[in-house]
Structures are given as C-alpha cells and as structure tokens.
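Single chain ahead, written as structure tokens, the form predicted on its own.
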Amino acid sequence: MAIRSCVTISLVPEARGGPFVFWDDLAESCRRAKELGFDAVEIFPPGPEAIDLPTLRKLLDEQGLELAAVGTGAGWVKHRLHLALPDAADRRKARDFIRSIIDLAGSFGASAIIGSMQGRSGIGVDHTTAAGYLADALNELGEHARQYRVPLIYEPLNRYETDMVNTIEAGVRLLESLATDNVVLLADLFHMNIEETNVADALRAGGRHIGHIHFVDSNRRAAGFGHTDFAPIVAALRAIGYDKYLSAEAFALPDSDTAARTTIEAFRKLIFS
C-alpha cells in the first residue's frame, strides 16, 4: 500500500487558531478535501457525542474518503484533562475520554491519537510519577484499541508542550517498555524540527514504530511555507517501508483552501515525482 494523503478538520471552538487546516463544517470540509484530492481526513472533535456515526459514515462514503485518525486533544483544550494529573479520579476521567474516542475512531477502522492529553509533571506529580501514569494509561488504552484491530497512536511533543517524551528515540524507548505492543508513534515534523538533530535519521531510527505522520513545515504552516527539506524525509519513510498517512496538521494560513492546496501539491510532488 502506498503512502496516502490526509488533511485535518477541527470541530472544537476552544481550539480556534490552532494547527488545523479546515474548521467547523465537517460536511463542507470533507467535500473540499475530496475536491482537492486528499485520500482521508483526520478529525479533532470536542467529544464523541459531537459525531453522529451514521452521518459521518454516509459523508465519507459519498466523498470516497477514509477516516485516518481522531484526535483526543479536546480532552485537554476543552475539558482540562490529561493522563498525568495528580488526582486519580481526574486521571480516570482522562482515560475514559480517550477510551470514548478510541471507540468512535475504531468503528471506522481508524486510530485515536494521544498528544496533549499525555500531560506533564507539575505540582503534586514529579516526572517519574507522571511517566508511570502515562505508561499505565498507554498499556490500558492500547489494549482497548486492539478490539478494533487498530493501534493507539502516541505523539511525542516538543519541550515547550510536555516534559514526557520529546523525541522519536525517547518514544521508541517508551513503547518498548510497555506491556502492550499495540501503540505506535506519531512523528510530527513540526515537533521534530525543534527536537531532533536530523529528522530523516530519527524517522529511520523509529522504523516500525512510526504509525502516523503530521506532514507540516518547520513553522507549522503547510508544507512549502517553511524551510523544511522534505526530500530526505520522504526517502527515510520509503526506507522504513512507511505506507500510512501524511496528515496536514497545519495552520489555515493564509486560509484553509490555500493551506490544503499547497499541502496536496507538495504531497504529489514528493510522493509521485
């Protein structure tokens, strides 16, 4: 199977201004994604109740799109929950929220993504304790995702957003320490541009653990609006046999259509040239 293209859609008002290409109108966003030639969409909902499953299924079928993944970040942005909170009841609420997104995504054969909901250490939780909470949650939630025959996707973030895992190398160590083998890494090129010495080398080192890519330029704008050299990155993905999605988690700058069009043009040039 070849590498496929994907574009992000946010339905979360509280995330306004964040790195999502399309906003608010799921039906129109899917229509534009298909019109521009994307293979799939990645959706960022406020919660599972915001998505009517039959409606989404009909919409995807009509447009010939796949659901690549569903983000859990609204659990933090909207509900202020994450997996490293000091209170056990709050951590359970965070896990339950993620579990509900796994159920939503899994019904479409898609994965849920844990990024900002991994949390960080802080008042009442030292780094070792927070890391233990994260590992326990990944074990539980990775196994929950297994029933849908999809992995759970875990995203290393840059140092300004978490002190849990910042690099692909650290992500691999975490995954290999888990009891479950049903968690993969999301390699976000924006975070990697901050944290990795060499992005292509980091992807090669990640190897089979790489399960999703956020395809974005150095400044979190669409591919082509920053200074990232994508050719060695694509070469590294081919070297590890990557055959999943390149998903545009980028700012809608100067507007959604331009960001989406620039992304798909870069995708076609890099993947098919």
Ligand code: LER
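One rule holds for the numbers: they count along the sequence shown, beginning at 1. Remember, it's a predicted structure, so these values are computed and weren't measured experimentally.
Quick note: we don't show the form predicted in complex with the ligand, though the next part is all about it.
Just one stretch in 95-103, 119-127, 157-165, 174-182 has heavy atoms within 4.5 Å of the ligand in the model of the complex, so which one is it?
It is the stretch 157-165.
Under a 4.5 angstroms heavy atom criterion, identify the one residue in R32, R204, R220, H209 near the ligand in the model of the complex.
Here the answer is residue option R220.
Does F44 reach the ligand in the model of the complex if we count a contact as any heavy atom within 4.5 Å?
F44: contacts the ligand in the model of the complex.
Going by a heavy atom distance of 4.5 Å, is G115 a contact of the ligand in the model of the complex?
Although the ligand is absent here, G115 would touch it in the model of the complex, with heavy atoms inside 4.5 Å.
Relative to the ligand in the model of the complex, which residues of 228-252 have a heavy atom no more than 4.5 Å away?
Counting only heavy atoms within 4.5 Å of the ligand in the model of the complex, the single contacting residue of 228-252 is E249.
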